[in-house]
Ligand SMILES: Cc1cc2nc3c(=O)[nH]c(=O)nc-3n(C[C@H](O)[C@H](O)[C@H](O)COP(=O)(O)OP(=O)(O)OC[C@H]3O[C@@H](n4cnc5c(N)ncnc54)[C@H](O)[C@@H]3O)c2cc1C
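As structure tokens, one chain now follows by itself in the form predicted on its own.
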Amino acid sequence: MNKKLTKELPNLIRGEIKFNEFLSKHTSFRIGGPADAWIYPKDISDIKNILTFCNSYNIPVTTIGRGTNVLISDKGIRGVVLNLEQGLCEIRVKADSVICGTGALLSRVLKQAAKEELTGLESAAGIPGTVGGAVCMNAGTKEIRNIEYVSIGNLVESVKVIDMNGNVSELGKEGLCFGYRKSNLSEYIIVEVELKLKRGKEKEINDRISRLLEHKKSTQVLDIPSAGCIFKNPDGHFAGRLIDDAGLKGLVIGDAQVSMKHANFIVNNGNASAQDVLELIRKIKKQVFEKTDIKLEEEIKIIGV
């Protein structure tokens, strides 16, 4: 670890810093080695000061939200890891828009939108991450029971970002590019998002949310540590079905297992390592390709040393 991190950085910011913080505490997989420094910035000023400091000493900076769509290396992440849940989590409503800090939980934003009788975000029900993470990966849920599929990128009106040099700017629709589980925002730190919604009725909105949550409860793994869907759905196919058809449901390596409930989930049965999960991923990709000629692509982010 760069000694300047422990000696100088705490004097430059107001947010909380934890050194040698194990990231297994901060991911839904409950997997991941230590970060040199885990920081909760208080505000944009903190983020800019961190970036200036880290750029001066060539210290890498990584941003992690709720940790629900990532696999962190067993050796952890070198440098600084930012989490914006404590300092940038405000939610406010302006006419038909919800404006929220990147660290706000998507579940809180959805609840606030429903209370204000704003519709359009219901397909985000059950997605456990933060707004920033959801927008960066263009999260969404497939259509079920007449609930329209909407990727969150379709709702984004504007995004306030900081580049890695500490410059703050706002990107409107013309500056944004969203695709299937991706965007052009990965090189930025997202600090605020404006979502454009429509007027609706609170009861109907909450009914749609309830139906979607019930569907996810019955079909997805919610009671064992996981990172959600491991692979993207190839065109015209469902990754889970391909994995199941390849006879891989229930496959175990170490304490990592292909879920018996949903084959596109890998679960941590207690003490799974990142290496266990990576070996499962490699085996799944190999066997699905041999059986179908289809190459599966990871949806989760694999981060670290």
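Since this is a predicted model, take the numbers as computed values, not measurements. In case it trips you up, residue 1 is the first one in the sequence shown, and so on.
One more form of this protein, predicted in complex with this ligand, exists but is not displayed; see below.
Asker: Scan G76, G120, G87, G140 and let me know which has any heavy atom within 4.5 Å of this ligand in the predicted bound form.
Answerer: None of the others qualify; the residue that does is G140.
Asker: Pick from V168, I91, L171, L222: which residue has any heavy atom within 4.5 angstroms of this ligand in the predicted bound form?
Answerer: Selected option: L222.
Asker: Taking heavy atoms and a 4.5 Å cut-off, does I64 contact this ligand in the predicted bound form?
Answerer: Contact check for I64: yes, within 4.5 Å of this ligand in the predicted bound form.
Asker: Give a yes/no on whether Q257 approaches this ligand to within 4.5 Å in the predicted bound form, heavy atoms considered.
Answerer: No, Q257 sits far enough from this ligand in the predicted bound form that none of its heavy atoms falls within 4.5 Å.
Asker: May I ask you to state whether K4 is within 4.5 Å of this ligand in the predicted bound form, using heavy atom distances?
Answerer: No.
Asker: Quick one: does L197 come within 4.5 Å of this ligand in the predicted bound form, counting heavy atoms only?
Answerer: No, no contact at 4.5 Å.
Asker: Please identify, from 171-179, 111-119, 201-209, 226-234, the stretch that has a heavy atom within 4.5 Å of this ligand in the predicted bound form.
Answerer: Only one stretch qualifies here: 226-234.
Asker: Check V70, G132 and K216: does every one of them have a heavy atom within 4.5 Å of this ligand in the predicted bound form?
Answerer: Yes: each residue has a heavy atom within 4.5 Å of the partner.
Asker: Do any residues of 283-305 have a non-hydrogen atom within 4.5 angstroms of this ligand in the predicted bound form? If so, which ones, in sequence order?
Answerer: Result: E299, K301, I303.
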